[in-house]
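The chain that follows stands alone, in the form predicted on its own, written as structure tokens.
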């Protein structure tokens, strides 16, 4: 086992991140020595060798967040099955053999998302129609969770996204998943502009995977009040944003009467635990989640 772990988070911008507190808590709980720092690099800095500099400084592993999850999947030569399936990387670990360093891309977002769902939401997911807003790395992980993590895959998924090219890529990936699992889940992909009341009335679960509403633009919302009012009032709503802890979307969903409305804090904690275990090779302890959650609530 490594005597001292040097870990971190790669992304841009990173002012909103709670990852350092989570991983420093995990280091404390396990009695391991180490540090977790933020690698806030622009795309230009990445192109100029920022990751090589991270390796030279001795980093053992790092998380990846917006906007580099899909980019790292395309750039890294070694990927775990989870990263290949999702098409995005949120965790990277290094392997040193004969003075050669290999970076391996992994994904813990799918597992983290599914573990964060309330048991009632997991049951509802198996019953019907899920709508996912966004088409980035987080959305891909959520889609994969609905197919591979759920005991009974969703019957119908509607993906709402702006980029037609990304939509085509996701359709191809989804077709491969369906072929692999031999499921009958139906996928519809529509543009943000084409979303109307009829699409929302039958939704059982709504998941926001866009950054719309994230700090500092906390007054923004991916769905208008009119659209929320058209949403099935029995729908469960999950906003993957966790800063602020209650987004405008969540407030509107609460006011609409949705029975379960959650932010992305649970997913953040669970994916972090999965990543930490990947780096340290330690099994997860059941009490880690609640201990981390308590500490986060002290600062949120």
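Take the two forms, superpose them, and find the largest set of C-alpha atoms that agree within 1.5 Å; that set is the rigid core. Predicted, not measured: the structure shown is a model, and the values here were computed from it. Positions refer to the first chain, counted from 1.
Separately, the form predicted in complex with a small molecule exists; it is not shown, and the next lines address it.
- For the candidate spot formed by 94, 285 and 288, no residue has a non-hydrogen atom within 4.5 angstroms of the small molecule in the predicted bound form.
- Taking a 4.5 Å heavy atom cutoff to the small molecule in the predicted bound form, the contact residue among 235, 240, 249, 26 is 240.
- Of the listed positions (166, 115, 156, 84), a single one reaches within 4.5 angstroms of the small molecule by any non-hydrogen atom in the predicted bound form, namely 166.
- Contact annotation: the small molecule lies within 4.5 Å of heavy atoms from the stretch 127-135 in the predicted bound form, the single such stretch among 127-135, 148-156, 225-233, 173-181.
- For the chain shown alone, residue 210 is a contact residue for the small molecule in the predicted bound form, at least one non-hydrogen atom being within 4.5 angstroms.
- When the small molecule is considered in the predicted bound form, residue 61 lies well away from it, no heavy atom lying within 4.5 Å.
- The small molecule in the predicted bound form is not approached by residue 253, whose heavy atoms all lie more than 4.5 angstroms from it.
- In the predicted bound form, the small molecule lies farther than 4.5 Å from every heavy atom of residue 275.
- Once both forms are overlaid on the rigid core, the distance between the two CA positions of residue 244 between this form and the one not shown is under 2 angstroms.
- Residue 260: CA moves less than 2 Å between this form and the one not shown after rigid-core fitting.
- Remark: with the core as the superposition reference, the CA shift of residue 68 between this form and the one not shown reaches 2 Å or more.
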